[in-house]
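To begin, one chain is listed below as structure tokens, in the form predicted alone.
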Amino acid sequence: MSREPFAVRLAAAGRELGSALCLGLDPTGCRDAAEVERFCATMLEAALPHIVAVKPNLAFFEQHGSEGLRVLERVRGMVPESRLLILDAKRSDIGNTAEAYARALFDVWGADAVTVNPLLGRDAVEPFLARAGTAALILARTSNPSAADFLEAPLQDGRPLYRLIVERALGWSGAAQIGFVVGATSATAIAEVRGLAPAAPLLLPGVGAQGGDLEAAVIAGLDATGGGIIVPVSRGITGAADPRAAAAELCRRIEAVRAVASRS
């Protein structure tokens, strides 16, 4: 049975839960898979009341080999159906390799959305667009300091590369939805991408440890309905003395911005 489009599901979950916050699971420093599992279970228990989505970063599970992948499967089971699962994989490849990645991420791990590198072009992204109710979140302008090396490089007409990525990706079709990853470290880029893609879901990483301004990113990314954004935070929650309180405060700040925007 087909599901509602990802953006519709995101909006419904956001209204029900009163949140656009996403828990990033990046279990840095864990010595083994067992420690990864304990870390994830603890953080999920603390943050679940305040989040709309969970975003495990596959690298932190894969580095522990087969047991790490078994932990990922169990962590997926800890995420209730009321929350969206975003797998941060940044996958992309050609032909049947991309299809295999898509089967793993959606059919095996049960992702609602995955992050996808678009630089190989349309055919490398199409396998991630084959499943209704899901989303391929295309890397547009990432949050790392060296994003400017390529993604902000000007084309001959002066447009930054990330703008071309968005414009081209909006022309790709499939059963799934196209969304974009735009770092909270550049509110200007977020606003530009929102202008190009008024209805696309936007994942806005980089708040907190990477220096992104939460309020500025939210304002820049909101769509016409006052939604359309997912704000992932990892270290700002998992590294806090009280992760539950940190998640609650981040959620409150996001919702405060949304409330002001809805009245303007």
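Please read all numbers here as calculations on a predicted model, not as lab measurements. Residues carry their position along the shown sequence, with the first being 1.
Absent from the display: the form predicted in complex with a further copy of the same chain. The rest refers to it.
Using a 4.5 Å cut-off to a further copy of the same chain in the predicted bound form, not one of Phe106, Ser173 and Thr225 places a heavy atom inside that distance. Across the options 193-201, 39-47, 212-220, 64-72, residues that bring heavy atoms within 4.5 Å of a further copy of the same chain in the predicted bound form belong to 64-72. a further copy of the same chain in the predicted bound form comes within 4.5 Å of a heavy atom belonging to Arg122.
Although the partner is absent here, Leu151 sits close enough that one of its heavy atoms falls within 4.5 Å of a further copy of the same chain in the predicted bound form. In the predicted bound form, Arg91 approaches a further copy of the same chain with a heavy atom inside 4.5 Å. Although the partner is absent here, Ser82 sits far enough away that none of its heavy atoms falls within 4.5 Å of a further copy of the same chain in the predicted bound form. In sequence order, Ala153, Pro154, Leu155, Gln156, Gly158, Leu161, Leu164, Ile165, Arg168 are the residues of 153-169 having a heavy atom within 4.5 Å of a further copy of the same chain in the predicted bound form; the partner itself is omitted from this view.
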